[in-house]
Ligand SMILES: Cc1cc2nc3c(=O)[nH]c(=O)nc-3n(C[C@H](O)[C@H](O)[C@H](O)COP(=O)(O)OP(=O)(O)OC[C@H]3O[C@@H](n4cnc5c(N)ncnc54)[C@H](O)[C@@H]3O)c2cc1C
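Next up: just one chain, as structure tokens, the form predicted alone.
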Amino acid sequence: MIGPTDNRVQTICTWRRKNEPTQHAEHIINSWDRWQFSFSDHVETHHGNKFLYEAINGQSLKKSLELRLSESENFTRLVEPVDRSQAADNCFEVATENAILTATNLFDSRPPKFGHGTLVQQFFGIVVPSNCLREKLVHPRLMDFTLPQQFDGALAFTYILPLTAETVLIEATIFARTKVPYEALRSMAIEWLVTNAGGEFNGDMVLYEESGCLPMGNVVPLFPGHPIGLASGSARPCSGYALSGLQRQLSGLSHENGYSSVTCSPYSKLSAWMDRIFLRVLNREPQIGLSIFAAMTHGLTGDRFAGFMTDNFNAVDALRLIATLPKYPFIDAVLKNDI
């Protein structure tokens, strides 16, 4: 394993079926069977009878996985940055400042290039004490559209996660064609905090911050070998959620299709088709996403919404979802495949 240690704070969220055991129990920060969506004139609350929404400590999980690997006698860890990697005769070469290594197989998790027409999901999160808010939050608010839209050609919303009884994550997020300065997203998160704080908010209340950018669409691996993680399409195109996709790819690597399972999308053909149409609509007019999500969250139960987001749905569920959506933009997107 080669590359600097990743010490970034990272909150990983996903849905899980209640009757399925978790592999990450010791890293779960919190879990909920209800989640909300807040619009300017109403709030939708979903209840999951079959699904839980979970927040996982990504930093703790990564450290645990690396520790487990280090217990193998065949494991070697180099913390030097990779200068270059290339395919050689029947092997791969990886060069660092002080060494050149060869390997029969190479898995590369470095970030990919976003493909043509791929939207970005960019976010900046701030964690603060929960007692600085007027309202005590007990459920995640996955999309809060109460702030005015403030980015041209983008859909912006706030994501609020009550991590523990004492802390809450406020994350400003955009779905957009291009990235914006992270400081602009931080300002949006601060604006939400100032609007919802019980008293005067100040920077001393910030406990820590996290940020990132996820692909919503096709990616292009930049390096030789087998791409893995975001570079291999583990992120669900319509949402950016990646943990379940990566788990499916790794399961295939271990038990089913070998290396090919890592380099191709882990999502179903039905899911891929619906994501393409959704992203085609969103790419043409990102801010139409507000009406789409308002319709989806109102028209679907919590379990059907979570099932769609985790690729646990069938054709009948897909028809129910389609019935909730504004018709013209999607019909037009199906007929005009121009992205």
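Heads up: residue numbers just count along the shown sequence, starting at 1. Everything numeric here is computed off the predicted structure, so don't read it as measured data.
What follows is about the form predicted together with the named molecule, which we do not show.
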Practice task
State the residue from L193, M143, A176, L246 whose non-hydrogen atoms include one within 4.5 Å of the named molecule in the model of the complex.
Solution key: L246
Exercise for the section: Select from the listed residues F92, F123, F151, F107 the one whose heavy atoms reach within 4.5 Å of the named molecule in the model of the complex. Expected result: F123
Problem - Partner-facing stretch of 98 to 106, 225 to 233, 198 to 206, 185 to 193, counted where any non-hydrogen atom is within 4.5 angstroms of the named molecule in the model of the complex - result: 225 to 233
Handout entry: the named molecule contact at A318 in the model of the complex, heavy atom, 4.5 Å
Key = no
Exercise for the section: Although the named molecule is absent from this view, report whether H46 comes within 4.5 Å of it in the model of the complex, heavy atoms only. Expected result: no
Handout entry: the named molecule contact at V128 in the model of the complex, heavy atom, 4.5 Å
Key = no
Practice task
Report whether the minimum heavy atom distance between D6 and the named molecule in the model of the complex is within 4.5 Å.
Solution key: yes
Problem - Partner contacts in the model of the complex for 187 to 217 (non-hydrogen atom within 4.5 angstroms of the named molecule) - result: E210, S211, G212, L214
